[in-house]
Structure formats: C-alpha cells, structure tokens
Ligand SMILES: Cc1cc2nc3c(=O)[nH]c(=O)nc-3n(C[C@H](O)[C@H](O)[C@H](O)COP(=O)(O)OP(=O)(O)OC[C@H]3O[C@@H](n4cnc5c(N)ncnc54)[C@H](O)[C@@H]3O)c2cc1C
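Heads up, the chain below is alone and in the form predicted alone; it's given as structure tokens.
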Amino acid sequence: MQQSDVVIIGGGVIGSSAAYFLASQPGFQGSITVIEKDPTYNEAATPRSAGGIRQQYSTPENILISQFGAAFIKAAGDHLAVDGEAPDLQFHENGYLFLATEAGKTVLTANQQLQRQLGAATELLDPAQLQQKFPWLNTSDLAAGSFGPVNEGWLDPYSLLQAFRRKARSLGVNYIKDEVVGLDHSGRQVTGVKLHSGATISCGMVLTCAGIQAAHIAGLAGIDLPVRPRKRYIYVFDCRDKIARVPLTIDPNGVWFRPEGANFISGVSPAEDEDPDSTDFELDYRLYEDLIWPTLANRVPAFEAIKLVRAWAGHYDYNTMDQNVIIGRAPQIDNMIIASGFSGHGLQQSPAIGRALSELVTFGSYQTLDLSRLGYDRLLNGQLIQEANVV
C-alpha cells in the first residue's frame, strides 16, 4: 500500500497544471502523485489540439480564465523555468477573428461588450473596417467581426504540457505510469486509488483530471458525469498565394482556420446530431470536402486553389449539458474534486484551472477567481451556463 496526500488522476495539461500550482502553493506541504497511463501522450487531447487561446466567450468566467491564462503564458519563463532553462511555448499573438452575418450580429455585439467590460481588448469591426484590416477577406455577406488583438492567438500545446510536467517534477511531484481501475471508498471518502499494476495508493484527496476518461473515473465513485468523448478533425492545407496578418478566423458557419508554419490548419465542430461519442482516431474527409473547403474558398479568395496536405484527429472531453467545464467538489464524495468537460477549451484554461484546483485543495475554497458557478451543482438544479462561443 502506497500513500500520497493528493492523487491526481490524469497527467495531461490540466492534471500537470494542478500538480504544478499545488506544489508551488505556499500553504500546501503534502505529497502529490500523478497517475498517467501514457506518458508519451501519443493519443492525449493536448498535443492534438489547435493550441488556441482567446477571451472571446459569452461566459464571464471563461473570459477571466483565459485572461489569466494569457498572462501566465506570456510570463512562462518566470513560472516554469527549470535549472535556469525557460520553456519556449511559441506563442503567436495573432488574435482571434469571429465573423458574423446580419443574423449573428446582435449576439456577437453583446458578447464583445461583455468582453470589454471584463477588460478584454476585443474590437467590433464593420465590413469596411474588416476589409481594411484584412484585405484578403471576402466581406460581401458579413455584418460585423470581433477581433482580439491582445492576449489572443495560439501556442504549441505539447510544449505547455511538458513545461507544466517538468516543473511539477522539479518541485517534487511523483508521476506514475499506470491506469486507475478502481476507487476504494468508505462513506463519503475515497480512501484508495487502485491501479492496473495491482498497487493501491491511499490518499487524502483525489483530483479527477482524466479528460475523456473522466466520466469513467467518476463512475467508479458512483457519480454521473455528463462528459463524453467527441472526435474532432484538424486539416492541414497549403496555399500558394501568401497572405499576411491572418488571425485564427471563425466563419459564421463555424469553420475556422489559422496559419501553421508555412501552411494553414482548419476544422469545424459537426452538428450535434452528427457528433457521436468516439474514442478512435480514424479520419473522415467528408467534413472537409462538403463544408470546410467550400467555406474557405468563399471566405478567402486565395483559398480557392489550396492543397490538402494531411489531417489528424483528437478528442474533446465534451460536456453535453452546457459545454462549460465542471470544476469543484464531487457530489456524494467529500474528498474528490473534478475538473472535466472543457469541450475544447482545456489547453487555454489550464493555468487558471490548475490554480483553482490548488486553492480548493489547500484552502477549501477559491481564493483568486471564483468559479463556484461552474460546479457540479448547476447540473442538478438546472442552472446551466450555456457557452455560445464553442469552436
């Protein structure tokens, strides 16, 4: 029987952020163990993501979460350096550009006003301003665009994950390659985490940061977590005509694209009725052929003659209720804390979520950013917080 004051299930970017912030927390003096079944992260969600970070949300908490995330990423050298070596997160502050037709202008405007009230530097642009700032853009059917020139863009997801992990280990966090197969519990307490290897780790607190496996882990404690694995595709294409100053751009129909080195990447979330649970990595090019390429060619005339280079698949831990993270103490279990259901926002939210989890463990409550509204209770009382800007 091994023992750890805190066991974190899942060593991806959320679990490793939580491990780092907890190990850095002056008020915490205990031991921390992270259980990760695949330390290569070959099939993990983080390295397969588009790496975006933005403040353009419709939920106040999401805006504030990403503001902290952007500030943390810009100062990563101060926070995550090990032995004087700072990580290179390759942050490209090129911005996000949300586009809207007349039908979506009211919602876009309301969201942008909320973002400004909370300190984001987003700008609402009319078609003429869009054309002037982005001359490569077809604005003929657009009514407005919302552009975030500050604290928005993209970074290398794998670099952030490894930076958190490396820093956490340097602070004494123990990483174990294994898989959780059971939870021992007595009354309202988890007393031990059972591993595939046959070992059991007794613990004082359990953090569930298991991505698409979070619902399974919660189920081991009798908790129904409405988080499902949803597959997303990223398509890489080449454009022979060079266009400059391209932000991560989201078309009114949800198709997005951004530069990636000398190429571009793109994707779209499918309609809910065409988005089954999936854990495989098989590719499907129908979305690209039927929706993405026609949208790209219409929105950017230079994209009429693009060449598909390659594609890959990854997964969202998708909250089917309202597409917002579920964070906080689990129902029925007093010493389990959940952070799951990011619905594609996990990477950019990882700094603030890791900090929040460390506060819940150390102090029993949030000390900086109050995320109480995002707790499990909202699923029980029907007070859902629907995020409109899911990409």
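Being a predicted model, the structure only gives us computed values, none of them experimental. Residue positions are given as counts along the sequence shown, with the first one as 1.
Beyond what is shown, the protein has a form predicted in complex with this ligand; the following relates to that form.
- Checked against this ligand in the predicted complex, the residues A330, A45, V361, I32 give one hit for a heavy atom within 4.5 Å, which is A45.
- Exactly one of the stretches 309-317, 166-174, 128-136, 108-116 approaches this ligand in the predicted complex with heavy atoms within 4.5 Å, and it is 309-317.
- Using a 4.5 Å cutoff between non-hydrogen atoms, Y96 counts as a contact of this ligand in the predicted complex.
- Put simply, G51 is close to this ligand in the predicted complex: some heavy atom of it is within 4.5 Å.
- I9 belongs to the set of residues with a heavy atom inside 4.5 Å of this ligand in the predicted complex.
- In the predicted complex, this ligand lies within 4.5 Å of some heavy atom of L347.
- Taken together, the three residues A75, A120 and G145 all stay farther than 4.5 Å from this ligand in the predicted complex, as judged by their closest heavy atom.
- Within 4.5 angstroms of this ligand in the predicted complex, the stretch 210-230 places a non-hydrogen atom from each of A210, G211, Q213, I217, taken in sequence order.
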